[in-house]
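Next up: just one chain, as structure tokens, the form predicted alone.
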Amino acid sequence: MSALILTSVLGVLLLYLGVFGQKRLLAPVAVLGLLGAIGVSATGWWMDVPLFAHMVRFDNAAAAFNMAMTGLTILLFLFGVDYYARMERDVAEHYALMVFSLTGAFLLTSYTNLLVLFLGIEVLSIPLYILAGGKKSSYRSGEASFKYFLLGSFATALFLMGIALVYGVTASFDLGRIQEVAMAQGAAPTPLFLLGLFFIAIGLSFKVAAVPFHFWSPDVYEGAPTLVTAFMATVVKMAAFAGFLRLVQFTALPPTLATALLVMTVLTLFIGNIVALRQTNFKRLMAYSSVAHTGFLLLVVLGNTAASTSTLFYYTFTYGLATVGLFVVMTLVKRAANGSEEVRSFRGLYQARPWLAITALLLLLSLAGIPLTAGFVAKYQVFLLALQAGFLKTTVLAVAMALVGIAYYIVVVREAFTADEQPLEVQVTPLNGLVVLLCGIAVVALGVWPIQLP
């Protein structure tokens, strides 16, 4: 609760710093404020008390997700010192909007009421609609913002329709009451209740970029500023899946809806990995990679076992670390390659900066799920959970798609370690180097010593 208040006040403070022209203070104040949010979240461990008339509950799982998302945001803000150094105006708004979006993410991890779930999604999303169009002189950025807003509005409409239908059946927005109704109806829920849950699932599926609600993802990833893309690929995905799993745990998916989500999972695994093979733009490659990882995470949501929360936390956090590091590397390579975002722009990276190429290799291996990295442990946990839940055929497909996924990550590795006639002149600031190294060390350390939620 204290973290929620702190981030809300922090966002306003950052706006005032921008008004008074204190650009140099933005990143330090933002980082210190977020460190404070981690501290108050940690002090609230084991204080599982319902708040706001039982509408939110900051339990251990919520505290863990909140601290992890805040940590990822701190890494992005450290990267932002150099990233926003070239911008003379509107920098404070970027920092503040990301902090406000993080506040919405906190609501998604802790809600016990559908109204709070809706508020969390909107507080998370509305700043992102603005941030996606952060490059005001870029038509591509404006297109990304418009597409994200337009499709997000349709998803919100369906989401609200779902909430209304569920309320019509249960006469309550409280998840506890909804759980009672779901258990009473059993395997044969009323059509209105089933349709309501289906519409709510569609709204959340849009946020996690599950097929067929993924069409916004490649265009928005490519058009949005890189820092914003990294935020969407990590913090937003982590929050959306935490909210999705929380809903499933309370409502106990009816068989019909579980079947629909299983079909969505299969399509997401297949399309995400196959289409990624054809990508030459790195940001679009990461977009379809994100879609592919959504398929693995949907298996965790469908499994809905006692280990689901811990598995989801470990997977999304380690995926976030690898993704943040890679987007920092991409930005450094992009500057050296005269603004090119093509995968080929990585060529000659090992020639120019061997340590940077090796760290990028570790991050890519983690995303691919190669042993001795956190990504391998994360995928192993997902497959084990899916088998325990009885999804044998889907698990076999997931393993096959994981093997396919290695191919498009190896393409980036090949380019990075291929010598070029004109080596890249990659300039790395101390903070950017620190972020990349922290991410690289973390994916190896967490692969050797995996963390588990109590």
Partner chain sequence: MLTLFYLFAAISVLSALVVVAARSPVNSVIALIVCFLSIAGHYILLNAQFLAVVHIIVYTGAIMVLFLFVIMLLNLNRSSEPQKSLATRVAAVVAGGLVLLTLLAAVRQGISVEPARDFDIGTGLVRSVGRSLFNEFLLPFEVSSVLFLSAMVGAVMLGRREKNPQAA
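In this text the structure is predicted, and so the values were computed from the model without any measurement. Residue numbers count along the first chain shown, from 1.
Only in words, not in the display: the form predicted in complex with the partner chain, which the text now covers.
Asker: In terms of non-hydrogen atoms within 4.5 angstroms, which of the given stretches 241-249, 297-305, 122-130, 70-78 touches the partner chain in the predicted complex?
Answerer: It is 122-130 that comes within 4.5 Å of the partner.
Asker: Verify the contact flag for Leu437: yes if a non-hydrogen atom of it lies within 4.5 Å of a non-hydrogen atom of the partner chain in the predicted complex, no if not.
Answerer: So Leu437 does not count as contacting the partner chain.
Asker: Would you classify Lys237 as touching the partner chain in the predicted complex, given a 4.5 Å non-hydrogen atom cut-off?
Answerer: Judged by the heavy-atom cut-off of 4.5 Å, Lys237 is well away from the partner chain in the predicted complex.
Asker: Mark Val56 yes when one of its heavy atoms lies within 4.5 Å of a heavy atom of the partner chain in the predicted complex, and no otherwise.
Answerer: Judged by the heavy-atom cut-off of 4.5 Å, Val56 is in contact with the partner chain in the predicted complex.
Asker: Are any of the heavy atoms in Glu93 no more than 4.5 Å from a heavy atom of the partner chain in the predicted complex?
Answerer: Judged by the heavy-atom cut-off of 4.5 Å, Glu93 is in contact with the partner chain in the predicted complex.
Asker: Pick from Val181, Ala336, Ala352, Val116: which residue has any heavy atom within 4.5 angstroms of the partner chain in the predicted complex?
Answerer: Contact residue from the list: Val116.
Asker: Just one of Tyr319, Phe282, Tyr83, Phe100 has a heavy atom within 4.5 Å of the partner chain in the predicted complex. Which one?
Answerer: The option sitting close enough to the partner is Phe100.
Asker: Using the arrangement in the predicted complex, list in sequence order the residues of 5-20 with any heavy atom within 4.5 angstroms of the partner chain.
Answerer: Heavy-atom contacts to the partner chain in the predicted complex: Ser8, Val12, Leu15.
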